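Same protein, same chain, two forms; see structure 1 and structure 2 below, as structure tokens.
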Structure 1
């Protein structure tokens, strides 16, 4: 256990934090709080942080969930039906370069500043990694599998559900990973632009009130939350793809 720890990494982080703390003590200015001060406001404001990050995560989950249930079937459908793909894919290529945060003003126009506006921005950003990976993965499904499905009399829909989906799952999961990370990122950013509540709004208020330690504590909360979320996603991925990894292990042996 002790040997598996990344000692250089931990030491480097500790050194950085120490340097920060010492330099802050040397400067002794409220606009440059040290690590200890930030930790204090992190602990002191803990209930607020839990509440706000909860709101942020809930919106990210809603946007991502919507994207998952709509884009996965659409992606598999496009990947499986090249005739549709030829016309829909250029549309995706037209929309994709638009930075997700740029549609914040549009969302504001149509949905105000509430949850609906934020969730639609998150949804928009979460769609692309899911959709593109689902299309690619479905297209790469081995034709033999599909032909077997056809010859045992599966319908198109059944082929998509019971052959394309599992076969595409490994690549879809890498889309899911990207998409989840992006959802959280956009959720925080959207809260900063359409500030009503959530951790993004907390960061904006901290800036307005010159509470720098609180701002840094807020950033720490965001970092911790996204580390936690990413870990959960990786666990789920390992669970879901256990069969895939097992097979790859066999193949390489």
Structure 2
């Protein structure tokens, strides 16, 4: 376990934290709290942080989950059915460049300012990485695999489930990683705009009350939560794509 730790990276982070603390003590300004002050705020408000980051992660998970169960099948279907893509891709190209936070007024109009509005914005942000990666990966499936499936009597749905999905999974997981990161990012951002709870709202209240140490502690909580979520996603990816990594290892040898 100790051998797998990134010691150079950890030492560099420790050096940055030490430099931060020393510079804060040299400046001695309430507008520039040191690492020790932020850590004290982090520990002191730990129950509040756990509650608020839990709300934020729940919203991010809901938006991402909805995007996964809708956009993944849709992307594979569009990739396997070019005629459908001719109708849908102009709309996708029109909506894809829109910043997710730009649809907040629309979400408020139809869903109010509660969790439903925030989840809908998160859903919108998570959709396109999943959808586009699924489309491109399905279209890149080797035609020979599809021909073999047809030769043994598989239906189009069975080909999409048994051939397209496994073949596209490595690229789909790239979209999953992007969507997970966007879900957490937009969850915090949406809470800063239209929420009464969540870590984003906590950050806004800390800013309005000039509690700089508390705000930096909240940012630290977001960073730690992002690191934990990214670690979980990587572990899931390693399990799902163990066959893919093994095949790559054999090819490189």
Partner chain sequence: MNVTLGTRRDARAVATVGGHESRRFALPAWARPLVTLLGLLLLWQAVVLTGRIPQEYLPGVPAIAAAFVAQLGAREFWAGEALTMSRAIGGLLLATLSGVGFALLGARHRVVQRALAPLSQIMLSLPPAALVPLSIFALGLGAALYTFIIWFACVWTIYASAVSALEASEPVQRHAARSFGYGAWECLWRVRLPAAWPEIFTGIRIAAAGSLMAAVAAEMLAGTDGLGFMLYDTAFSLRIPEMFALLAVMGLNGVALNGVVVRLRRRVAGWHDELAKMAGA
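Worth saying up front: this structure is predicted, and the values here are computed from it rather than measured. Numbering follows the first chain given and starts at 1. In this text, the rigid core denotes the largest set of C-alpha atoms whose superposition between the two forms falls within 1.5 Å.
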{"property": "Form predicted in complex with its partner chain - which displayed structure it is", "result": "1"}
{"property": "Threshold 2 Å Cα movement between structures 1 and 2 for residue 232, core superposed", "result": "no"}
{"property": "Following rigid core superposition, Cα shift of residue 16 between structures 1 and 2 in Å", "result": "2.3"}
